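Below sits a lone chain in structure tokens, taken as the form predicted on its own.
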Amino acid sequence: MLQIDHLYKNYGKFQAVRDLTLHIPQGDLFGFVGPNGAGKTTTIRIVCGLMLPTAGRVIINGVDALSRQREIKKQIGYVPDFFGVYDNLKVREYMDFYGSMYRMNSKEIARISDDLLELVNLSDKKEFFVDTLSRGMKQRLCVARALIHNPALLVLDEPNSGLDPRARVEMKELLLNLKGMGKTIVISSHILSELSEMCNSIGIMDHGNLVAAGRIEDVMEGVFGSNQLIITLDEGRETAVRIANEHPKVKVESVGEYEIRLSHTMTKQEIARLVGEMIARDVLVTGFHKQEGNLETLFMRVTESEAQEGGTENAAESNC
């Protein structure tokens, strides 16, 4: 769906994006994360045709986004980090305005607008002026507007910025619904816990570099290794270790007096069967839990070396 090859963006001697190569398949909900100044928004603006790169290639749904910009804008729905709404328009008029920009006829606009406003839970607000809507409603309206021409790719830059907890939950549910409908979505955010609940793939940027990308579980395993499972028990330690050693997806990492620590590549069902087998063979299991990295710890781990390099560069510049 979205293919970025060797993308660069320079501002004089400063490189905002450095040799970024990324592939996002059809139907993915992709989370773009990184600190301020990492290059996320620059990359998004290039993808959406709002900025030209210094070098590189962007392909969207088989179309060269850099050489065929007029055509590619029909393939993209873009929700920027500011609302971009017109307060003196009613919700219905706002949707009509954007539909007309894509040369849609009035009947088509009305039909699609009704469907989209229902999707974003704003059907009862059609005759309300935009400036009377809450911040969360305005953001959902922006998503509806971005979808009116049925784009192949939906791009959202910090859509949850400034939203209250309820509005963030509503936005998450909306994006999950769109993913379930087969939309390809790219979302940048600083709220890592929410991305981990929505996204099936991620890209982490730091200092203009893409430092990690791929399916979340693959990136996690690449950084942290296999998942860790800790089983606590009162009796039957030797039997538990023997059962674990017999499992092809398990490695016993350590054995304590009241716990054993395993690394594994098991599914949830396989974990349940393993623990069940131990109990059936008279191991007195008192509990078990998975110990694995989350998106926050992943982000800190993969950006740690970049931060150290940046600190060294800054120190060198300050000594010049």
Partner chain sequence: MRLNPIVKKDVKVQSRSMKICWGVFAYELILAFVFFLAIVVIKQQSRYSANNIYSAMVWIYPALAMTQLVILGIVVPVRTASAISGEKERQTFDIMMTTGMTPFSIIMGKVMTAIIQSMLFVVASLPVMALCFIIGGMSWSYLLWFLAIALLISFFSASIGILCSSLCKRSISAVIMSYGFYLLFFLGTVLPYLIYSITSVNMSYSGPATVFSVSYSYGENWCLFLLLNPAVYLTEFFAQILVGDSIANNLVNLTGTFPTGGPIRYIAVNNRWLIVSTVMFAAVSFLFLWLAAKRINPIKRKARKPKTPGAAG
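Predicted model only: the values in this text are computed from it and were never measured. Residue numbers count along the first chain shown, from 1.
What follows is about the form predicted in complex with the partner chain, which we do not show.
(message) Taking any heavy atom pair closer than or equal to 4.5 Å as contact, tell me whether residue 38 reaches the partner chain in the predicted complex.
(response) Residue 38 lies outside the contact set for the partner chain.
(message) Although the partner isn't part of this model, could you tell me whether residue 124 comes within 4.5 Å of the partner chain in the predicted complex, counting any heavy atom of the residue?
(response) Close contact is absent here: in the predicted complex, residue 124 is far from the partner chain, nothing within 4.5 Å, heavy atoms only.
(request) Find out whether any non-hydrogen atom of residue 140 is located within 4.5 angstroms of the partner chain in the predicted complex, and reply yes or no. (result) Because no heavy atom of residue 140 falls inside 4.5 Å of the partner chain in the predicted complex, the answer is no.
(message) Considering non-hydrogen atoms and a 4.5 Å limit, does the partner chain approach residue 245 in the predicted complex?
(response) Taking the distances in the predicted complex, the answer for residue 245 is no, it never comes within 4.5 Å of the partner chain.
(message) Taking 4.5 angstroms as the heavy atom distance cut-off, pick the stretch from 102-110, 246-254, 174-182, 228-236 that is near the partner chain in the predicted complex.
(response) Of the options, only 102-110 has residues within 4.5 Å of the partner.
(request) Go through 118, 164, 217, 93 and name the one with a heavy atom inside 4.5 Å of the partner chain in the predicted complex. (result) In short, 93.
(request) Name the residue from 52, 280, 284, 272 that puts a heavy atom within 4.5 Å of the partner chain in the predicted complex. (result) The residue in contact is 52.
(request) Could you run down 196-212 and flag each residue that has a heavy atom within 4.5 Å of the partner chain in the predicted complex? (result) Going through 196-212 in order - heavy atoms within 4.5 Å of the partner chain in the predicted complex - there are no hits.
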